[in-house]
Structure formats: C-alpha cells, structure tokens
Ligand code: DOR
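Starting off, we have a lone chain in the form predicted on its own, written out as structure tokens.
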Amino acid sequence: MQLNAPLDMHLHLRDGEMLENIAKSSAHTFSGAIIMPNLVPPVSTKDEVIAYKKRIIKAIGHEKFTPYMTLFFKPSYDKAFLESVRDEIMAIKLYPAGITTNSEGGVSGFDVEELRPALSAMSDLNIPLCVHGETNGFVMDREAEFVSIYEKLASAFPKLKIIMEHITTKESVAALEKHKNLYATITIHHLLITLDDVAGGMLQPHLFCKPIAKRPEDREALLQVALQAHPKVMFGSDSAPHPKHAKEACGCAAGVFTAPIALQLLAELFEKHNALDKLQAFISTNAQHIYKLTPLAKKVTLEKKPFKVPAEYNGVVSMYAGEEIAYSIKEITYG
C-alpha cells in the first residue's frame, strides 16, 4: 500500500546528540512533522525557533522533510511579537507547569482573563494552540479533569483553533463534538495499549508515557474516531526519545519512541480493523485541512513483509524492540 505525504502532527526531536541520533528516524518516512518546543530552555523567541529549525535541518542530512516549528506558550506574548514570528511557526504549544517532560515554565493557572491577550492575538492571526491537557490530579483522571478547561478555552475563544494533543480518554473524544474549534491528535501507542500493558505484569518502562495509557473503554473510543478518520482527528506520534539508561531506571523518564515504526504499526492496525481505506486521511489529509498546509510530495510504499524491530536505535529503545511486526517500508519516492 502507498501513503502520500504522511504527517506526524506531534513529534519530539530533542536537541544536541539526541537530535543528531534520532531525527532521521522521522525524516526518512514522514513528509513533515509538528516539532515540540519543550527543550531546555524552551523555544520561546523568534531567534530560538529559527536556530532550532536550522539544527533540525542539519541533523536530517539529505532526507527530505519539513519541520513545522512551534513556540512554547507564554501568557506574556503580545500581538506585535506574534506577528513578527507568525511566518516561522505552525502553532504554539501550551503546557501546564510541571506536568510532563521539560514543562516547568508552563502555565500554572487557566484564568481566561490572564490568558486573553495572548490567545486573542493568536485567534486574530490564525495561529493554532496545541495543548498538553492534564491537571495535576490523580494520574488516571488528569486528562478527563482537563476537559473542562478545554471547553472553557473553546467557549472563550471560539475562533481559536485548539488541538487537544495525544488524547487518551473517552471524555476527550466526546469533547470533539461539543465545540467546533476543538481538534485532536492521537498516537499509535494509545491506539494499541492500555495501562495493563504498562504495569499489569512486570513493569514495561518503554511503554510508560504522559499522558499514561488508560482503560480499555478509552482505547475503544480512540479507535472509533481514528479508524473512521474522523475529520477532527489526526495522527501525532508523540514519539519521545530518551536514552536507554533514563528509561530503564528508577525514576523512569516518560515517553514512548515510535518514530521508526509508526507507519508500519498504523498499517497493521488499520488492516486488522478493515479500515486501510481510512489511513490516508488519518495520516495526512485531515492534518492538511486542519492546519491549512501543503506538505512536501513524498510517497511511502509499505509491504506486508515481517520486520524485526532493532533492539536499539542509536541508544534509544523503541516500542516493540526486538519483536516482529507485520509491515515493512518497501520504497520512498518524491514528486
């Protein structure tokens, strides 16, 4: 089967040595990706956006791939600043403070009036707001609790396009139908696993992520909208690499690395559910409509041929490392 211009609408590439080691894993098979800004320090100025994009382009070498850049949201952003950086970014990413990797500088409160200047300016300039939607409550309830904040923001800024990132609950799925300006990304790992896979037997550190995998009924809600390629959902891997020693350790780092095998796993999953005809929309077409973008022309041909996932990719352990998956990448062409 062939996928045209596959897009990853939520990707972590990190920086420095990690960027050099793993950037090609995404750039090889994807046409482009929305790049997360939660570096240390976070990407929050125009110069930092431009410099980070240059580092990404250098790291991918000869691969043809478009990094769609983002800023780390700050309530202090004003319209003049956002106008100056508008052409360098695709979206702005909002993190609740301290809720996930490198998010300490995020938003500590969601008072609409405090956020109004920045969000109103974003709305006027048609800059989408991507949100990591979790509270600091009980870990299994954090995303469901955040839905009320999504709804408050969607009501207060009805022209602002709000992307609920890496949704994991049936409550988030239901919110899609309540507000015209709410959209969502869904990962491959949240379509495949539940909390039982992470911690039901021996702890599986390479499946630990934030938001954590939830209940079977939540996965079923995600599958329902993904497999029908609901027009308000799109693929975002949230592929989040950490060194092996940081995952297989006390204080395991949160993140699942799927970049090298995401397309193969999606093809296998959609075939299993007799929905291969919907995969193109989920992997690219919906994102093009939501973000109003025209991706690099890139065709990825997959074949149903077993592929053994390597034990490591340059020191990073991926999902299903050492296991065999059903699909392989056969060919990549351009134009």
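Residue numbers here begin at 1 and follow the sequence given. Because the structure is a prediction, the values reported are computed rather than measured.
The discussion below concerns the form predicted together with the named molecule, not included here.
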item	value
4.5 Å heavy atom contact with the named molecule in the model of the complex for all of 101, 132 and 255	yes
209, 233, 127, 261 - the one with a heavy atom within 4.5 Å of the named molecule in the model of the complex	209
Selected contact from 44, 66, 38, 286, since only one has a non-hydrogen atom within 4.5 angstroms of the named molecule in the model of the complex	38
Proximity to the named molecule in the model of the complex (heavy atom, within 4.5 Å), stretch among 193 to 201, 93 to 101, 177 to 185, 114 to 122	93 to 101
4.5 angstroms heavy atom contact with the named molecule in the model of the complex for residue 240	yes
The named molecule contact at residue 214 in the model of the complex, heavy atom, 4.5 Å	no
Residues within stretch 154 to 171 having a non-hydrogen atom within 4.5 Å of the named molecule in the model of the complex	166
